[in-house]
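Heads up, the chain below is alone and in the form predicted alone; it's given as structure tokens.
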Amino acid sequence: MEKEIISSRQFTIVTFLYSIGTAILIIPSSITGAAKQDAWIAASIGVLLSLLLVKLFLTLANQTPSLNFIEANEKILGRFFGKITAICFLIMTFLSAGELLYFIGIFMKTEVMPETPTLAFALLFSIIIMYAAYLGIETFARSAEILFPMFIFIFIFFIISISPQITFENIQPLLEATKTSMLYSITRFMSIFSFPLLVLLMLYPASVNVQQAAQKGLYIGTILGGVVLITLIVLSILVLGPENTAARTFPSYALAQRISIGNFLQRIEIIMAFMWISSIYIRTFMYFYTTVVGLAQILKIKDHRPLILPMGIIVIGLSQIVHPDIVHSTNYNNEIWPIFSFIFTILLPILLLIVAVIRNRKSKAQNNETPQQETKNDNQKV
């Protein structure tokens, strides 16, 4: 199959929308429950720390500039151990793809169409994901370019429309959260926002045309995505209050429901839902695409497309059993996911980077010894 290449600009847009992902729905309530009105401070610290993770991921990717993350595992750790770590990583991405389909279904059923089963939404959304995976990463990147300006326009309109309902007393007093709750909130935020950025190494550097510009794009996309999430958290606290924000499943959607301009422009929250659907589409695609392409590479299949339909059917079924209810989903994202994702998105890259650096130093030392040995042999002959 011919290798697909995207531009650094497209990669920046994908990074921006991918970093927002499901966080746009669940982050405000998730971290406000622990940090209360200081949740925006925890999110700000989380964005700054996320830049260190971006540096880690870029450093690792530059060790194998012509390979994606799955191929890099086998290259660095060897055929046997590399396949094991790659399979474990793909299990995480596949489970995450199923969970995001669950989120789409439960959000639409809870907030928009309560009489429709979640399976219907998961089926329709998965068809879009499978079709995008079939068309390839270049078509997906172009679709992200189309979604980006619409996302920005709706987001700006959202801020302007909800601003008259801001109550600054809701964010006071500042710095009331304990160190434990602040650390807990930062970890939650990063586990959803920046830990999954490792998946983007399936695109960078192997599928990006200008790697140097793409490195900057990864930083820019992460920062902009963080700004969007911090803004949503601040607005949720200022409008809904910290207690109300923590109590709601989807507080950002509750914000959109409060928009009322002149008692004329009302009930436009479904238009605002376009933001969330766009960002979740980008992240779900990346999880599913990583799983399918990674599995094809492990099985030595040149074209990943024959795997799209069977894996798509399985992920639809997975979305129906991954969480029995929203309470289980909330507990999973707050308690289990930070640990689960930390193992495969932080510890695994650190291990790969250490092994890659050691192997590179050994190979350089051997290359330096070889000319010296040849020179000694030549002198002995003379």
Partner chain sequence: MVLAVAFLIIAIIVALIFIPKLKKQQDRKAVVVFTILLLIGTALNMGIALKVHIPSPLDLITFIFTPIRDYIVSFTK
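Residue numbers count along the first chain shown, from 1. None of these values were measured; they are calculated from a predicted model.
Another form exists, predicted in complex with the partner chain; not displayed. Remarks below refer to it.
S.K.: Could you tell me which stretch in 40-48, 25-33, 328-336, 62-70 has residues with non-hydrogen atoms within 4.5 Å of the partner chain in the predicted complex?
M.R.: Result for this chain: 328-336.
S.K.: Here the chain is shown alone; which of I160, I84, M150, L309 has a heavy atom within 4.5 Å of the partner chain in the predicted complex?
M.R.: It is L309 that has a heavy atom within 4.5 Å of the partner.
S.K.: Tell me, which of A356, L58, L318, I346 has a heavy atom within 4.5 angstroms of the partner chain in the predicted complex?
M.R.: Exactly one residue meets the criterion: L318.
S.K.: Hey, in the predicted complex, does E99 get a heavy atom within 4.5 angstroms of the partner chain?
M.R.: Yes, contact at 4.5 Å.
S.K.: My question is simply whether I314 lines the interface with the partner chain in the predicted complex - judged by any non-hydrogen atom within 4.5 Å.
M.R.: I314: yes, in contact with the partner chain in the predicted complex.
S.K.: Report whether the minimum heavy atom distance between T180 and the partner chain in the predicted complex is within 4.5 Å.
M.R.: T180 belongs to the contact set for the partner chain.
S.K.: With the partner left out of view, is F155 within 4.5 angstroms of the partner chain in the predicted complex by any non-hydrogen atom?
M.R.: Looking in the predicted complex, residue contacts with the partner chain do not include F155, since no heavy atom lies within 4.5 Å.
S.K.: With the partner chain taken in the predicted complex, which residues across 285-310 come within 4.5 angstroms through any non-hydrogen atom?
M.R.: The stretch 285-310, when checked against the partner chain in the predicted complex, contributes L295, L299, K300, I301, K302, P306, L307, L309, P310 at the 4.5 Å heavy-atom cut-off.
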